[in-house]
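In the block that follows, a single chain appears as structure tokens, in the form predicted on its own.
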């Protein structure tokens, strides 16, 4: 058999083998590395893979560990964990609930607003959904909210951390797309390509993220007008209104200042994402200290949680590197290129196919796992077909956020199920998120029809 064809067959079998082992429940990082090593040995035995290629792994791992951009990841995670452990997020939720309580749908509106702020400060979906589920869901149920609507609002707002900067997912995608875009452009003969940075991706994701927030708020207003029984007002006692303005200022202004400083310095070109992340981490500790909630115990818990999450992400990245080397050097790149380039619809058909695959993978894999596997395989082909790298990164983020919400396997649904009372059934949670899944699909359609939603702001800022 032709060695090239044999290598492509092995690469395809390896991809489905990885998916199969993951569905059996094996750990992701070890599955990626282990299955890839097995297929690498088979490819070596059949003469279609040179084992000396594994020698490049050491250089890759050192490159990850010394990559200045990726240093921002643990810093942003620490910033979010510190805000959550010091109860700053909890105080923000309670205060905003009082501010909008006199309005029908006011509690839902406050959850969306706070979810947006937490997304811009934590970027950790699980922590946001759990925090809001523990605090807001009981309050919404006591106020007479439809459990389905309350569950949907909390899950949808909690997943905004996938797309609203400074999302850790965007940091990894920005770093990957930067290198891939440079390689694709140089292969085309462009030896001075326009660089793609994490800042570009942050700027590109800002308007789509705000678009989703606007759609969520619009749905809450719609429910308040046409189905007021599902989201009644919760009037605040007059005694509590006296100091409400001060409470709002104390709870809202410091996080807003911190978020504005972090994002503003990145988008304005004043600081790199890593420098801004360090400011955010220190700023979160300062906010906790001002609230008299900074203690050695809280710092220790935040550090341990940050180390755990960061280690999980990077060990998956290391495993994905083994997969990428074996897949690409056995001819997987050619296989993917032929498959995507021959799809009906040209570039649009190729993008839709990749988005559909990533959406389905979102039912069984975490976001980081998906981007580490799929982006290195498919992005070179899509960028070679003329897809804008910033637009691609943003639409991948929105697509994975949609997958996180979609029943029956959406991860956000499991996070909420873990903290919801027994009176809220799994079926209620599933039904509650369906309108928000529809809004996500609408946002995806708008991004397809009007790419400038994602590409205009980066061009305007960095032109």
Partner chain sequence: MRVIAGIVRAISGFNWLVGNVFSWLALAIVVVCFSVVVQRYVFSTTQLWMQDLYVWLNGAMFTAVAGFALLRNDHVRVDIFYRPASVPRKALVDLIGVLLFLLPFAWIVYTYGWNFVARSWRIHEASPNPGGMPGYFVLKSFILVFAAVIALQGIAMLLRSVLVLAGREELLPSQLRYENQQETH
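Just so it is clear, the model here is predicted, and its values are computed rather than measured. Numbering follows the first chain given and starts at 1.
Only in words, not in the display: the form predicted in complex with the partner chain, which the text now covers.
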| query | finding |
| --- | --- |
| Per-stretch contact check against the partner chain in the predicted complex, the hit in 395-403, 62-70, 419-427, 433-441 (non-hydrogen atom, 4.5 angstroms) | 62-70 |
| Proximity to the partner chain in the predicted complex, single hit among 249, 257, 289, 270 (heavy atom within 4.5 Å) | 270 |
| Candidate from 306, 378, 131, 86 lying within 4.5 Å of the partner chain in the predicted complex - any heavy atom | 306 |
| Contact test in the predicted complex: residue 347 vs the partner chain, heavy atoms, 4.5 Å | no |
| In the predicted complex, residue 448 touching the partner chain (heavy atom, 4.5 Å) | no |
| Non-hydrogen atom contact residue 78 with the partner chain in the predicted complex at 4.5 angstroms | yes |
| Residue 74: touches the partner chain in the predicted complex, heavy atom cutoff 4.5 angstroms | yes |
| Heavy atom contacts to the partner chain in the predicted complex at 4.5 Å, residues of 24-39 in sequence order | 24, 25, 26, 27, 28, 30, 31, 33, 34, 35, 37, 38 |
